[in-house]
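Heads up, the chain below is alone and in the form predicted on its own; it's given as structure tokens.
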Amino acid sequence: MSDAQTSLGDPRALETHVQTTKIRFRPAQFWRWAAGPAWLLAALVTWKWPDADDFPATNQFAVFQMVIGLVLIALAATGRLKDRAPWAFVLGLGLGAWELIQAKLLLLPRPFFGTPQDLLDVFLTDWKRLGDSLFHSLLLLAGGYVPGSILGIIVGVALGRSHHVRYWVRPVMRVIGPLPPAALLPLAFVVIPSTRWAGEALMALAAGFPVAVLTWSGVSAVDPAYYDVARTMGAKNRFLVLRVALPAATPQIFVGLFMGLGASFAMLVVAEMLGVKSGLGFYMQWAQGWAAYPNMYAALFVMSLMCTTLMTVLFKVRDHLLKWQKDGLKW
């Protein structure tokens, strides 16, 4: 008997041989190479399986899926598709399942549930109105969020630095601040002559309250020794605010800015749906009134993209200014 046969006859040697020759499953490699074919399979279903009804942009949607699939395969071949590969795979299969369930089999009630090509057709045919609505929403949001945040920082610093301001302003904040700004919408439309100004005022209130509270908390938490050292070196009150209090409270201020931005998003949609005759919220209300649900879903997608982009930009600014706390707060 040869040495190889003897070694393989040993149970321990045989187990070692099997372990060294066994093909190991690597999840990362699977996701990377499966993402592109998943999109191509979805494109094949879209293209070859007949639609259950006359849906627009079916061929365009199949081409879109095929292009994404080829791009993913190219990225996998070059090793650039890594962490996002599982999501790309799941999205490809999800779109394929949506296409099969609704466009090919019509298992969900219409018009409440559209097809992927319905959504694509909205972007192809109504992109000008969507872009105009996005522009007006950004203008309305900036007109409320930016002044509200600036005012909130000023009020927060005043609350943290002055006992007299705390005495007079704190009770007002406790009464008005916790109120949902949407509850004040009917009153704002009566008191303020312009619906646009009323919406901006309520967004300013929605953003200003959390910014003021968090700024106040950050300023109050500054070590008094910092002020003492600055005063010893001849610093005036303005220097103490701009060079000591605000820099030390910046982490808390950004937390307030994040919270205020989220509250402003909510108030933006309410204002556009109930009073302001422009923007994505108004577009969604118009689409719902005409039972154009694909248009409504397209507006929701654009709104989600707008909100997450603004949040990401705000986090980028925070990470740039607070490099020593870059890993403390994630988005």
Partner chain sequence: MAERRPQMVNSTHPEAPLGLTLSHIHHSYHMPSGSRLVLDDVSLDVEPGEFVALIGPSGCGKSTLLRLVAGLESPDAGTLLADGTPVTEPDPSRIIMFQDPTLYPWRTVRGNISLGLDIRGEKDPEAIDAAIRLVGLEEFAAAWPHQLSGGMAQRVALARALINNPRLLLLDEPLGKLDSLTRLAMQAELYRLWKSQGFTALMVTHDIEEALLLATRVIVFSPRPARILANIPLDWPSTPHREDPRLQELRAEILRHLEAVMAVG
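Note that the structure is predicted; figures quoted are calculated from it, not measured. Numbering follows the first chain given and starts at 1.
Beyond what is shown, the protein has a form predicted in complex with its partner chain; the following relates to that form.
Just one listed stretch, out of 190-198, 247-255, 137-145, 171-179, contacts its partner chain in the predicted bound form at the 4.5 Å heavy atom level, and that stretch is 247-255.
The contact with its partner chain in the predicted bound form, taken as any heavy atom within 4.5 Å, belongs to 226 out of 98, 127, 113, 226. Residue-level contacts in the predicted bound form: of 131, 79, 234, 109, one residue has a heavy atom within 4.5 Å of its partner chain, and it is 234. Mapping the unseen interface onto this chain, residue 239 counts among the residues with a heavy atom inside 4.5 Å of its partner chain in the predicted bound form.
Its partner chain is not shown here, but in the predicted bound form it comes within 4.5 Å of a heavy atom of residue 243. Using a 4.5 angstroms limit between non-hydrogen atoms, residue 230 touches its partner chain in the predicted bound form. Taking the partner from the other structure, its partner chain in the predicted bound form has a heavy atom within 4.5 Å of a heavy atom of residue 323.
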